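One chain follows as structure tokens, the form predicted alone.
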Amino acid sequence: MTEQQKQNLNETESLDQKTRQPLSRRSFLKIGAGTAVSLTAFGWALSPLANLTEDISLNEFLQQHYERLTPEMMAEIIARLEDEIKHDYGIDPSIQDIKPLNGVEYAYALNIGRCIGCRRCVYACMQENNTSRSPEIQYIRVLELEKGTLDLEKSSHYYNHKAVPQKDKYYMPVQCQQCEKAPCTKACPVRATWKEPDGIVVVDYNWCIGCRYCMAACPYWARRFNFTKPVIPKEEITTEMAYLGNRIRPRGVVEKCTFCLGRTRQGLYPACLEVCPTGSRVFGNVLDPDSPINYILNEKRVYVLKEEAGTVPRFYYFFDK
């Protein structure tokens, strides 16, 4: 504010205090003339954001980072998101901000010898996590490989056999590895993705700017970018949603597997594990010495995918023998 504007403001405040009348239109215009010029310049400076934020409300644009949100702020955000989803998809969603459990660190193990490549895990994941059906977004890729080899470059996740498993083939589902040293979190310029105390790497979809640096940093191709508004049939939407999990994402953000945190943080198994017909998936708390996941880690020969990347995954692979 210039010295002339300050003087005008002081004179007006003095006059209004004497008369105890509201600020007049004339005095308002006198004060605001110079300020309007500044605001116009500010608006021009922000104009490049117009196209980037065309789908974002002002409240969403000004939202604080997740770690700074008070319970009251989160309640307002959830109410807004529920209204938006109800308006766009014609359902009544229930969104919760489900926190990590104390004394819990999750890990996942998969028995490659039992997986038959049926992809039921893929579609259960889509159902639970409300991923777009058109274009189709899948968090899990099931790789088909030749028995006796581990050359991922020669694998295929586009196979369309009517019968599985195929002779001389084996199958390796790959999803977010929830890495202890996750390179994706380091690549994010705005801290929209981070590792939670229970080991789950999450994304705040209201904070993500869609730069896709995290996608480039991930050695497992475990993140997906929403190029368009998600298309999901009304009858296929899972209405129980988690803020950092399976709530319907907006266009222009990166999304990923979160070990179904809306389920697992409430004592349930991930959706992909529940539908597996061969029992090849094992999930649990590594801090519990009696958990099935600890049995696998202690009694089986396990290995991690792309160990040379140094990401220290929480997703393990093993065989029965």
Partner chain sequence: MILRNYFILLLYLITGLCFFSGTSGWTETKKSEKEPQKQLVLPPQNWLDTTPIRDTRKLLLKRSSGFVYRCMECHKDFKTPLESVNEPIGEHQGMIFDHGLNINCLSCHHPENRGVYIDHDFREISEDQSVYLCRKCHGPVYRDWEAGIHGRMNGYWDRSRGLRTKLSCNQCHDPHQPAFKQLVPMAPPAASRLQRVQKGSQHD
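Predicted, not measured: the structure shown is a model, and the values here were computed from it. Residue numbers count along the first chain shown, from 1.
What comes next is about the form predicted together with the partner chain, which does not appear here.
Applying a 4.5 Å heavy atom distance criterion, does His161 contact the partner chain in the predicted bound form? Result yes; His161 sits at the interface with the partner chain in the predicted bound form.
Is there any non-hydrogen atom of Glu128 lying within 4.5 Å of the partner chain in the predicted bound form? Because a heavy atom of Glu128 falls inside 4.5 Å of the partner chain in the predicted bound form, the answer is yes.
Please check if Val282 has a heavy atom lying within 4.5 Å of any heavy atom of the partner chain in the predicted bound form. Close contact exists here: in the predicted bound form, Val282 approaches the partner chain to within 4.5 Å, heavy atoms only.
So in the predicted bound form, does Pro230 come within 4.5 Å of the partner chain, heavy atom to heavy atom? Contact check for Pro230: no, nothing within 4.5 Å of the partner chain in the predicted bound form.
Just to confirm, with a 4.5 Å cut-off on non-hydrogen atoms, which of Ile237, Ile77, Leu244, Ile116 contacts the partner chain in the predicted bound form? Of the candidates Ile237, Ile77, Leu244, Ile116, Ile116 is the one lying within 4.5 Å of the partner chain in the predicted bound form.
Honest question, do Arg141, Glu153 and Ile296 all end up within 4.5 Å of the partner chain in the predicted bound form by heavy atom distance? Looking in the predicted bound form, the three residues Arg141, Glu153 and Ile296 all sit within 4.5 Å of the partner chain (heavy atoms).
For the stretch 199-218, which residues lie within 4.5 Å of the partner chain in the predicted bound form by non-hydrogen atom distance? Contacting residues: none.
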